[in-house]
Each structure stands twice: as C-alpha cells, then as structure tokens.
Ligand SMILES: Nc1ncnc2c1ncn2[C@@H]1O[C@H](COP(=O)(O)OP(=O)(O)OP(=O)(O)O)[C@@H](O)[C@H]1O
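Okay, here we've got a single chain as structure tokens, the form predicted on its own, with questions on binding and movement later.
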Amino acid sequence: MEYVVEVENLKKSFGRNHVLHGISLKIKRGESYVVIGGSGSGKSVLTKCILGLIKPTSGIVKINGERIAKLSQKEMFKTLLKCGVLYQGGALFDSLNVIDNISFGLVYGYGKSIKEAYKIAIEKLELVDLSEKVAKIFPSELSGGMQKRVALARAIATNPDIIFFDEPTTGLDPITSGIISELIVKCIKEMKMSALSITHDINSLKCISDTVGLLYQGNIIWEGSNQELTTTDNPYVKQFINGSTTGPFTNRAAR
C-alpha cells in the first residue's frame, strides 16, 4: 500500500514541556485524515513537525517515502513543493490581488511564466466556485468565506500530493463553513490528493474525514473511520463529538 505520509514514534519536547509522546500514523494516497483534540494537545506541533518547520526530538517522518530528516535543503524544498497548506487565517498576501496570491507558488516555486501561472490560477478559482471577476480584487475587499476560497485555490494551485488544512472553517458562519467543507472534499476527490486536517468543527470533521485520530496529552488515543465516530464507545471521542462538559477530558481523575 502506498502512503503519502508516514509518522513513526514522533516525539517533541520544548525543554521540560513534552508535547508529543510518540505519535504514529499513516496517510494513504487519496485519504483524508483529520486530527482532533482539545486546545494545546499538540495538533499544530504535529503538523509543523511533518512539514519540517519544527525539528522533532525523535522519531521518523516520511513524505512520499522520503525521510525528512535525511534530506538536504534542496531536496527538502522539492519535497515541500508537493505539499499544499491552507492556514487557519488564510494567510493571503494583503499587498497582492487574488490572481497574484494564487499564482505566487507557481511563479516563485515552480518557475512558471506569469501567463501560464495566471491560466492555472483561473482554473483553480473555478474549482472553488469563484469566477475570473475576482482576479484583480485584493483580500481586504473579500468576505471571510471568499478569502477562504482564494486561500484554498492557492493551496491547490501546484497540484500537491498532500494538502494540510489548519482549522479551515474557523471564523465562518455555519452555512459558509459547510460550503468550504464541501469544496475541500470536492478538491481532494477531483485532484486525487491526500489531506491532513486539524479541526474543532464537528460538522466539518464529519464532512471531510475518511479517517480520524484523537490526540490527547501528546498521544493519539483513538483512531477510526468517519463512520465509527458515531458508533464508538470510546468515552473521549464521545465527549469530544458531543461537546459534553462531563467526561474524561474534564474529569480530573482521568488527567
């Protein structure tokens, strides 16, 4: 079986603060894997370790079979070119219009001509249900939902093997959140990408996930399919999914 991402016994500490205690997970090609967990559980640290933005204390991370720690800076750059990222706040460049934002990685990462990059950018805009009419508009002129769509178009512009979503629906109303989640599923399926997402949005989780991992106190304590979310007897999953104030997350004896 072909895996796009492989993580084995990943640990990360910041001094005496032990954040990740031995994470292991695998993401198949075309699979959408979603990590859930409470605030401060290490979700963002896990993603940054996989992307090579943070050096793990120990453990193994592979992207497309390449062990990240063994790569030279040039090889790492090539590997990361096959990764797309949709940041929590969108992280669009305020000084660039929509078309230049989407084209940025194509021009400066892949060396595409402006003309060629613009053509691809328009195609990606259409994929996220935006028209060419917004191409010359600046991010500050867009609604939050439209900014997310543009950020998604930029993340998929280079046709990545895997895309990372960091709280993709944060700050959006329930309807817009649902639209963005459906667009994410559409892009993953049509482009045959793998995805690793972090989210607190339960509705989005149920929409975009194939596989779910629950991160608690630096460990993935439960992993299962989208369907198993609502059938599992795991008390941690049940409390998290239902948003209950009582359960192992809030029970001091369980900490």
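Counting begins at 1, following the sequence as shown. Because the structure is predicted, anything quoted here is derived from the model rather than measured.
Below: the form predicted in complex with this ligand, not depicted.
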This ligand in the predicted complex has a heavy atom of only one listed residue within 4.5 Å, and of Gly59, Gly38, Gly30, Gly224 that residue is Gly38
Answer key: of Ser44, Asn64, Asn219, Thr211, within 4.5 Å of this ligand in the predicted complex (heavy atoms) is Ser44
Taking this ligand in the predicted complex, would Val19, Glu167 and His200 all count as contacting it (heavy atom within 4.5 Å)?
yes
184-192, 44-52, 226-234, 203-211: which one contacts this ligand in the predicted complex at 4.5 Å, heavy atom to heavy atom?
44-52
Is it the case that Asn159, even though its partner is missing from this view, gets within 4.5 Å of this ligand in the predicted complex, heavy atoms only?
no
Partner proximity in the predicted complex: Thr79 to this ligand, non-hydrogen atom cutoff 4.5 Å
no
With a cut-off of 4.5 Å between heavy atoms, is Gln88 one of the residues that contacts this ligand in the predicted complex?
yes
